[in-house]
Each structure stands twice: as C-alpha cells, then as structure tokens.
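In structure tokens, one chain follows: the form predicted on its own.
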Amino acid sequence: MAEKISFEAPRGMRDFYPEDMTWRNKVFDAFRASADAYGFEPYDACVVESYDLLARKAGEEVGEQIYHFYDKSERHIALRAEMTPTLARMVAQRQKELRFPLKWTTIAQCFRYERMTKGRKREHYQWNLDIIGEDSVLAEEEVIGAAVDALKRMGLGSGDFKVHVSSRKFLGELLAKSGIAPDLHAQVFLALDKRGKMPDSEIAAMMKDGGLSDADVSAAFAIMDTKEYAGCAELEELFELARTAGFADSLVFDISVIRGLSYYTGVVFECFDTKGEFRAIFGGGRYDNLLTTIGGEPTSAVGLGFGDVVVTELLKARLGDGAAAEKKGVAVGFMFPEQRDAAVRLAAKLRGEGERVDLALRSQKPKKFFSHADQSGAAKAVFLGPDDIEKGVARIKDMSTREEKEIAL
C-alpha cells in the first residue's frame, strides 16, 4: 500500500489561502504604492541564479544556507536567497547603457535553507528598494522614507516602530580612535553584529580569535555605549533630511546596528517594533563596492530589503486579525432559475461600470445569499426575486449600514 501523502506544505514553506492573501495583498499593495510614490521603477528576474555568483558575493559557506543543485546540463545553480546579487548582475550586464542614478524596486520570492525561528521561514517575499549611482545621503533618505511610508500605509504609526540608524564608516572611525587597527575592523563588525544573539563572552572570543587583544576587545565593547552621532557628517545630514521630509520621529541613532554582511560601507539601518516582540522588520544600507566584487565598474549604491513575514505578524498583533478584510464589491444573487439571466445581465452591467461582482452560481433563499455575501466581504448586495423582474427594479443593500436603495435592472 502506497504511503499516504502529507497535505502539509514542505517544512518552512507556505500556502496562501484566500484569507492569507488578504494580508499579503495589504502588505504588497503598500509596497507598490510607496515605491510608486517615491519614483522607483519596477523590475524582476528569474528565481534561480548561478551558484558562483552567490558564492562570490557571500563566500563559499553560502552553500550551507541556500537551496542549490545541478541541472540536467550539470550547471551549478541555486534558488535566490536575496535579490541583491541578481540586481548587481543585471546592472553590471548593462552598465554602459543604463542612465544613472537608478531607482529600482521589486517584490521577490526568496528561499533560504536555515533554522526557522519566529518571523523567519525558509521561503519569503522581500520588497527591495535600491538606488544605484548616487553618492548623496539623499539616496538613504529616499529609501528609508519609502519604507516608513509603506508601514504607515499598512496602518502603523511611528509609535509602533522605529528605524535604528548608524554608520559603518562612523563606527570604523571610533574603532581607529580607540587604537584598533583598520585591518581588524571587519572582524569587529562581524562579531559585534552578533550582539543580542549570543553572550558577550562568545563575542569577545570571536574578536580574540580574529587577532584582537584584550584591550582592543574592551575598547570595542565600550564604543557600543556611544549615544551621540555628532561629528558624523552623513548621519547629521540624514537626520536633518528626515526632519525636512517629515519622518524624523521614526528614526533613532543606534551604534549597535552594524549589519553583518561585509559589503556595507556607510549608513546602515534596521527597523524594529517598539515593543521588541519581533525580529527586524526591514534592513539595509549603503554598499558602494558590491558591483566590483562581481566584475562591474565601481558604483555607489543604497539598498533595502523588507520581508513580508515579520510585518504581517506585526500587523496582526497591532491591528487585529480582521484588519485586512476590507469590504468591497457587489454580490448578486437570485431566488429561482427564472431570474438567473437577469442576474447575469445585472452583473455584466455592474462590471462594465468598474465594480467587482461576485455572482451567485445557483438560486438561493435570501437568508443564505445574504449570509454568504456578508462572509465573503461584499460591500453591497443585490438579490433578485420574481417581483423585482416584474417591476424592472431591484434593491441594492449596503452590507455595513443595511441601508437599501433602488436600482434599475
């Protein structure tokens, strides 16, 4: 006897039933609306990438973190774990033809084989915003501003989240002033980025393994108490721009934001809910050297990755499970088969006027029809009976207020 097939999605993956899609659409609609409002152009790419490209960007250990395989022609390929390497490849491919600065956006499905925790799946969608070819801090302001705008479109306020901002360049200057040699800074960044995820004793051991002395380790930890960004020109300018744009209340300086990836070169940022209940909502920063690592020409860039998993959990926690179920459209039903054609004509008429119409597929009693219309989220409903056809007039009901008005058939 054949083994029974499981009806569960593969571990770490997700199915989206209609009730799940209402949340996904709420998030995606905000992503697209904000990207459009801020002048970003949409792009997309294939979901598989060359393994060599991903290894060059993230190192050979990337093989432990991603889904990779050999195709039938023995090419080593992988499911993308993020969009940045693909973006770099696409820009490098047409670097001589493109008009810079680029402002590009996409919502990409990404796959990462790793241990699952709260807010982390093995598959997720990630909204990416990137500005390439612009040295000004205005690029950071636009990317962060668009992400803040998206959160507000979803129904969150600045009291629900804060964008924690720092600068790798500024941190490097502080390390240098403390006597830590520049060639050791990458090791310090990598270790300190683990703070909060492992004990300080293990982080200290990581730094010592990387060549830091006891004095260096103590100095590095002391720098983590820095509360002011005075003297860092790029952060001073960014916060001033945020005040001008009207979202400074959503930003806080946080020297502990480092971002573990080695390609970040300047301003870095991560957004967290103010109650500290979830993982980072989004993160990003300036990465001025990435294109050169894959063979492209040197180009400045700022980017952001904003996943759908954490923000959906946050929205459900703050707004309630029913917040995504917006009533819309018209439900049209009929009592007997004799009214079917009139219902079809009415549905066609309403659709021609731009309405979303859910047409009942069989005759029903009024109570059953209106119950279904209510549960399906229709904003209005029309039910046709023999008298309506005879009069040539029907009543359309507002499902929220229960008010009715007549419409001609």
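No experiment lies behind these values; they were computed from the predicted model shown. In case it trips you up, residue 1 is the first one in the sequence shown, and so on.
Keep in mind the form predicted in complex with histidyl-adenosine monophosphate is missing from the figure; the text below concerns it.
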Sort through T106, Q339, T84, T312 and report the residue having a heavy atom within 4.5 Å of histidyl-adenosine monophosphate in the predicted complex.
T84
Residue among H76, H164, R89, R259 with a heavy atom within 4.5 Å of histidyl-adenosine monophosphate in the predicted complex
R259
Would R168 count as a contact of histidyl-adenosine monophosphate in the predicted complex, using a 4.5 angstroms cut-off between non-hydrogen atoms?
no
Considering only heavy atoms, tell me if G333 and histidyl-adenosine monophosphate come within 4.5 Å of each other in the predicted complex.
no
Contact of Q126 with histidyl-adenosine monophosphate in the predicted complex (heavy atom, 4.5 Å)
yes
Is I203 part of the interface with histidyl-adenosine monophosphate in the predicted complex - any heavy atom within 4.5 Å?
no
Of the listed stretches (147 to 155, 214 to 222, 279 to 287, 188 to 196), which one has a non-hydrogen atom within 4.5 Å of histidyl-adenosine monophosphate in the predicted complex?
279 to 287
Residues within 4.5 Å of histidyl-adenosine monophosphate in the predicted complex, restricted to 100 to 128 and counted by heavy atom:
R112, E114, G119, R120, K121, H124, Q126, N128
